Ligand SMILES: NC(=O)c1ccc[n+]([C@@H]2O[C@H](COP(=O)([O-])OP(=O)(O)OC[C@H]3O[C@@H](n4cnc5c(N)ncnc54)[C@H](O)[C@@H]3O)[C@@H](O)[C@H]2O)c1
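One chain comes next, on its own, written as structure tokens: the form predicted on its own.
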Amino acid sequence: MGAVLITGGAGFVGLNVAEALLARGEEVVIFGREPLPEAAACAFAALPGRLAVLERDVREEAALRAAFAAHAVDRVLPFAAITAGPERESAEPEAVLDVNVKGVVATLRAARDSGGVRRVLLPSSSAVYGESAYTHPVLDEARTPCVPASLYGVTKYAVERLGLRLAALWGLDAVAARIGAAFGPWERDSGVRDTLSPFHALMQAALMGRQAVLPPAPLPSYDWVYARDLAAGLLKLLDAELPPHRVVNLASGLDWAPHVPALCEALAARFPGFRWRHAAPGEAPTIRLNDSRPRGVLATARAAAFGWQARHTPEAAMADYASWAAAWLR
């Protein structure tokens, strides 16, 4: 078996996938401009797999081709992306398009030219549903219209459709993962993700013994997936010999909003000094949500056809995240 190449592999999702692959003894090549965080390098060194880190730009096709050849890559996750917020969308649309779309094309071309790649896992996103998330209680891969609103969502839909088309034209076997909103180990402000999860902010406040002020209750419905579960789902798509579907939601399919008070209480019990409350009328929260409008949850039947479902309940996910943060963030 050859190596797995992950562009943008030093990012949040990439690190979780790399860790899961290394834990099962795989050779992993992380390719991207971000350096590997020191804590990740330390954690990964104890795992049985082999890791190579190449700090190069995903738009450099010659560097990509060299990486495929040097490491006998047979599976690729072209995950390099800029998760842009409104300010960056307005100021740097060309950079977002270059990395999110052109970088994937360059990676697919290098995969084609290598002649040895047997699976491409395309990084789509729940952001492709866009405005449909507010009008459909369940977001289904086949029936829910994709109406992406953000530039990130637009590029992810482009990656999904363009990637599957080029894969068919170039003889590559591709599956697109519509990745749900994620949180958990290795999430950090890397400079290419403009919106971090509220759970990351809560954990930072807990570790520092500060008070967290949430938006007023009730919180809007939102479907989260724990990063370790997400990594397991991505490996299922990577490994499937005969994929039953080519576009798959990877999400918990659960509204986490009703669980947030219990998760905050669990953090308060574990980290002395941490306190939390909802904001009073007119008060500015210290914890920002990813959306202020209630959203539908992602359908999970297609993921189940691959043999995957989210394993962690919200409470179990927060407990695991707290244990990881206590070990690696202090």
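In this text, residue numbers run from 1 along the sequence as written. Just so it is clear, the model here is predicted, and its values are computed rather than measured.
Below: the form predicted together with this ligand, not depicted.
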Taking this ligand as it sits in the model of the complex, is F199 in contact with it (heavy atom to heavy atom, 4.5 Å or less)?
no
Would you check, heavy atoms only and a 4.5 Å threshold, whether E27 touches this ligand in the model of the complex?
no
With the partner left out of view, is A317 within 4.5 angstroms of this ligand in the model of the complex by any non-hydrogen atom?
no
Might S190 be said to contact this ligand in the model of the complex, defining contact as any heavy atom within 4.5 Å?
yes
From the list A251, A206, A133, V99, which entry has a heavy atom within 4.5 Å of this ligand in the model of the complex?
V99
If you check A174, V260, A181, A110 against this ligand in the model of the complex, which one has a heavy atom within 4.5 Å?
A181
Which is the contacting stretch out of 54 to 62, 41 to 49, 295 to 303, 276 to 284, given heavy atoms within 4.5 Å of this ligand in the model of the complex?
54 to 62
Which residues, if any, of 14 to 28 lie within 4.5 Å of this ligand in the model of the complex when only heavy atoms count?
G14
